[in-house]
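Shown next as structure tokens: one chain only, the form predicted on its own.
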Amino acid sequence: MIESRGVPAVAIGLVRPHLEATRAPRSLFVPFQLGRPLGEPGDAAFQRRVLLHALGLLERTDGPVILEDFAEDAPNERDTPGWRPPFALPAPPSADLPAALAAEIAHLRPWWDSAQARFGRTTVGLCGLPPEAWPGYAGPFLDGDVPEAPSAFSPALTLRYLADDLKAFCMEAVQAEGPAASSRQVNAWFWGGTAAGRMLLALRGVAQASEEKGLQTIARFLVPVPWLPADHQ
């Protein structure tokens, strides 16, 4: 519709099969992390290269469909040498995941507060519950129960947003001090060494096996595929 009105358009996409299926007149596939179509935040020079490459497709005349790959990896894939969290996580008080998560959240809360002061913002706040309430809401799902949602969202959607809040809470807290880590380093820490990561993996399994359609739908949003253990794929 945009093109038919005389306005040339270019799409930048992170999922190549989507670009292949939609067949926009001009598309640039970028092999970056989901949510970062231009690469690392704050890297203006790299973002400029991506945009100029995309805009360069406007000069092409070999359509009607052009789909090109961006050849560079995003700088956020480069690890920060020697990076490690500015704190050590407490040993889980028991094998009880909700209890372990509650202890972890209490430990991370001051670091999350410091991160907000450092960066002047937070992306936590989707589910409508404070961090201290997350283990109590998510825990019953592990036993097959569906607790009443505390807001206008459905229980399943509340759980999905709680998962997003939990990931953001932990990943912001771990960057409260010190040099910036790569997204790979932060994700490796979260999915490989936190009670929060173990909780989301367990919830994903429960949601997948549930007969409740809403839970089945949100299961795929709880854990990114690249960070699924082999026995969960």
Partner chain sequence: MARIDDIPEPTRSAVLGLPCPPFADQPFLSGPPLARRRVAIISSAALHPRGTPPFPAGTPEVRMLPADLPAASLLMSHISINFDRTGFQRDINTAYPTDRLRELAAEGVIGGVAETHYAVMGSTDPRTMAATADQIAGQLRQERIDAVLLTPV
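Only the largest set of C-alpha atoms that superpose within 1.5 Å between the two forms is called the rigid core. Residue numbers count along the first chain shown, from 1. What you see is a predicted model; the values in this text were computed from it and never measured.
Same protein, other form: the form predicted together with the partner chain, not shown, and the subject of what follows.
None of 80, 122, 154, 114 but one reaches within 4.5 angstroms of the partner chain in the model of the complex through a heavy atom, and that residue is 122. At a distance threshold of 4.5 angstroms between non-hydrogen atoms, residue 126 is in contact with the partner chain in the model of the complex. Not displayed here, the partner chain is approached by residue 33 to within 4.5 Å at the level of heavy atoms in the model of the complex.
Interface residue remark: residue 197 is not counted as part of the site for the partner chain in the model of the complex, having no heavy atom within 4.5 Å. In the model of the complex, residue 214 stays away from the partner chain, with no heavy atom inside 4.5 Å. Every member of the trio 14, 175 and 186 reaches the partner chain in the model of the complex with some non-hydrogen atom inside 4.5 Å. In the model of the complex, the residues of 17-37 lying within 4.5 Å of the partner chain by at least one heavy atom are, in order, 17, 18, 21, 22, 23, 24, 25, 26, 29, 31, 32, 33, 34, 35, 36, 37. After superposing the rigid core, the C-alpha of residue 47 moves by 2 Å or more between this form and the one not shown. Core-aligned CA deviation for residue 57 between this form and the one not shown: 2 Å or greater. For residue 37, a C-alpha deviation of 2 angstroms or more is recorded between this form and the one not shown after rigid-core alignment.
The pair residue 215 and residue 34 separates in the model of the complex: their C-alpha atoms are at least 3 Å more distant from each other than in the form depicted. In the model of the complex, the separation between the C-alpha atoms of residue 214 and residue 15 grows by 3 Å or more relative to the displayed form.
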